[in-house]
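A single chain comes next, written as structure tokens; it is the form predicted alone.
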Amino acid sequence: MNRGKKKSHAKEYAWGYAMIAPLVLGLGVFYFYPVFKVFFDSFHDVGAFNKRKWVGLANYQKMFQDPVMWQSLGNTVKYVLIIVPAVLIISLVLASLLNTGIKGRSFFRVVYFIPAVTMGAAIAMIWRWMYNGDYGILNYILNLLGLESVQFLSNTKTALVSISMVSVWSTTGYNMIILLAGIQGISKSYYEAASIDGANGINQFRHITLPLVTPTLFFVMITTLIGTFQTFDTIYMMINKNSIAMESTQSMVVYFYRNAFEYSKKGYASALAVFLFVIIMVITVFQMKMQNKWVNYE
């Protein structure tokens, strides 16, 4: 019997490992190997034909002395400071409103979620047309109101904010659905008890909804922050690489891409990627440590 049980367990283990083998293989090829390769390349000078030359910490020394890198990092921080709070606030407000008994609730849920299932390239192309300084619909409306046209994407003062608005518009709907699910998970008995005590909608939101939805809000904040640090497609497709607004809008990921594929400096680009990875990791760990002070899991 013992031998039979051992054979049975061995077959179960074999089948279990066979089932997870494709996933493990996929993670190894498409995740762990690229991560290792980026770290490895960051210590090398990698040319256009993948010729490697060991340079040690030279790429990192060059990176910290690169004014364009610091400007790109500053632009990325600006995106985070604009997009993350705006997405959290708007998503939470919309989720709270759509959790009420307003008419057309299902219609509005679908409308707000449409950007989340639309290709990023299509979103960038549409907004680029809307922002066009000569025939864009936004400037057409401004002209009808008697106002002058605005060069949204070529003016260094407005380009970053304009791109941030697109990112907020395209990510709000997805986060709204997540927060809506979190709000709907709150027991209605809390609201019924608050109504009996005379609490209005604002007080119920402040003292019931907001504290009890903090776990979901924390998840949305983490994912939005990481996604914003990795902003690429919207910037790259909406700003011409020869535009004067490129340096004032390009993020760290855009600067990484340009070094890797336009300037053929893959070793330096890998150092940029490692630096960005460390920044995101440190901020995420800090947020995980601080969550106990404001996230309510009860």
Partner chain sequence: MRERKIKWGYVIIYLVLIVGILITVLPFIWMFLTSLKSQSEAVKVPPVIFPSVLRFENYSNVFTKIPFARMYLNTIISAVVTVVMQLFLCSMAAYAFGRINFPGRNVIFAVLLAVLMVPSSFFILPQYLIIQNMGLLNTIPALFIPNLFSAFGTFLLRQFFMALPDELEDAARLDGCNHFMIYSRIMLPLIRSGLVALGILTLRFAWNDLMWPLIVNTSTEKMTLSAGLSFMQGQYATDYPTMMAGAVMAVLPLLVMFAIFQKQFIEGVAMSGIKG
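Residue numbers count along the first chain shown, from 1. Since this is a predicted model, take the numbers as computed values, not measurements.
Although not depicted, the form predicted together with the partner chain is the subject of the following passage.
> With the partner absent here, would Met119, Ile178 and Ala260 each sit within 4.5 Å of the partner chain in the model of the complex, counting heavy atoms only?
Replying inline: Yes: Met119, Ile178 and Ala260 each sit within 4.5 Å of the partner chain in the model of the complex.
>> Since only the chain is shown here, I'm wondering whether Phe205 would be in contact with the partner chain in the model of the complex (any heavy atom pair within 4.5 Å).
In response: Looking in the model of the complex, residue contacts with the partner chain do not include Phe205, since no heavy atom lies within 4.5 Å.
> Within a 4.5 Å heavy atom cut-off, is Thr100 in contact with the partner chain in the model of the complex?
Replying inline: Residue-level check for Thr100: yes, a contact with the partner chain.
>> Considering non-hydrogen atoms and a 4.5 Å limit, does the partner chain approach Met63 in the model of the complex?
In response: Looking in the model of the complex, residue contacts with the partner chain do not include Met63, since no heavy atom lies within 4.5 Å.
>> Considering non-hydrogen atoms and a 4.5 Å limit, does the partner chain approach Tyr236 in the model of the complex?
In response: Contact check for Tyr236: yes, within 4.5 Å of the partner chain in the model of the complex.
> Just one of 206-214, 91-99, 67-75, 156-164 has heavy atoms within 4.5 Å of the partner chain in the model of the complex; which?
Replying inline: Answer to the contact question: 91-99.
> Going by heavy atoms, what in 237-274 lies within 4.5 angstroms of the partner chain in the model of the complex?
Replying inline: Heavy-atom contacts within 4.5 Å come from Met237, Val253, Phe256, Tyr257, Ala260, Phe261, Lys266, Ala269, Ser270, Ala273, Val274.
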